[in-house]
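Before any questions on how it binds or moves, here is one chain, the form predicted on its own, in structure tokens.
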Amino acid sequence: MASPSPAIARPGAYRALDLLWQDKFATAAALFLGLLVIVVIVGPPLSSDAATRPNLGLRNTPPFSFEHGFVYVFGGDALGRSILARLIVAGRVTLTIAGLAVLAALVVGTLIGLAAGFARGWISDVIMRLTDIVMGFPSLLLAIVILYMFDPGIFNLVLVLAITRLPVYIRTTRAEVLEVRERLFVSAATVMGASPLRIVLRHVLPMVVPTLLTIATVEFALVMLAESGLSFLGIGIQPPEVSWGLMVAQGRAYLGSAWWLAFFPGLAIMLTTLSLNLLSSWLRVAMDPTQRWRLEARPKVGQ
């Protein structure tokens, strides 16, 4: 009898790594995102001085020159500050805002969606009508209106972005719960006397989490683009704080003479968004038992 595939035989984290390795684009995306997270965690304390201290003697220093040290490999901005150092500091701000907004929307939206899907009657109807009202407004336009009325600080930015993404998680969770609660194992748990809270947390929620994690990966990229867009328009992150979107906005006045001021933060946004989308595509396949064979059936390198 043929031995089982290593991707099937290995449990837990080993199996996940095997499945990830089968998709080389997803592997590259995961490595890039992992490296990015490490850099934005470790880098700002080491590079904050170069990111904030003006040096007019290095104003608009061109990139790819090691004459002034590695910290100026991506050049200097209009005040002589290191573009690389500012990218690292701005990356922490951008990823933190996007991560907090997605986490808040995921947790709150999942809880509301569970209530809407498992409850019956007016509770579900009220939740869904309120969700429809929020979805009736374009998310970016809603964020612009709210931030224009209030202080465009980090807390308000996270709150607004989370609110605009809530309907996605509420509607997805409700749809999943409506399907899962009709399955036989849920009926068996009900007959055995399990409480509604136990049924939701023990039997329904684990079935919904894989779909929500896949959506959250895509939403992270969308929220990051929204934050960058708001900062570019001047109603997001405000100086002296800096984000990738704000760096692009500050560099657009120098596109003719110092293109690198806007190019490198734009490249960082593009590469991060692309990596998140590649990783979400892999997650969608890896977490779906009916699609996972597409990864498990791929031949190993060297076979």
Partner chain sequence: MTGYVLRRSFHSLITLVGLIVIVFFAARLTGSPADLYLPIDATVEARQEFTERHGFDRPLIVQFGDFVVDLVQFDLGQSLRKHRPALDVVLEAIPATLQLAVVAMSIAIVGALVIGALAAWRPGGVFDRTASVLSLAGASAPDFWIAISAILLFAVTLGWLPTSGTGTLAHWVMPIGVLALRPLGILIQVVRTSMLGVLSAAYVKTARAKGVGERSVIFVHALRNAMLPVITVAGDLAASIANGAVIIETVFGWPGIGRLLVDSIIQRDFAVVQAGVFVTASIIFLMNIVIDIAYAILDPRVRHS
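Bear in mind the structure is a predicted one, so any value in this text is a computation, not a measurement. Positions refer to the first chain, counted from 1.
Form predicted together with its partner chain: not shown, discussed below.
In the predicted bound form, its partner chain lies farther than 4.5 Å from every heavy atom of Arg53. Although the partner is absent here, Leu140 is a contact residue: one of its heavy atoms lies within 4.5 angstroms of its partner chain in the predicted bound form. Among heavy atoms of Gly193, none comes within 4.5 Å of its partner chain in the predicted bound form. In the predicted bound form, its partner chain lies farther than 4.5 Å from every heavy atom of Gly236. Residues placing heavy atoms within 4.5 Å of its partner chain in the predicted bound form fall in a single listed stretch, namely 221-229, out of 79-87, 221-229, 172-180, 92-100. In summary, among the residues Ile269, Ala26, Val242, Leu33, the only one with a non-hydrogen atom within 4.5 Å of its partner chain in the predicted bound form is Ile269. Just one of Leu159, Ala119, Val145, Ala189 comes within 4.5 Å of its partner chain in the predicted bound form, counting any heavy atom, and that one is Val145. In the predicted bound form, the residues of 240-254 lying within 4.5 Å of its partner chain by at least one heavy atom are, in order, Gly245, Val248, Arg252.
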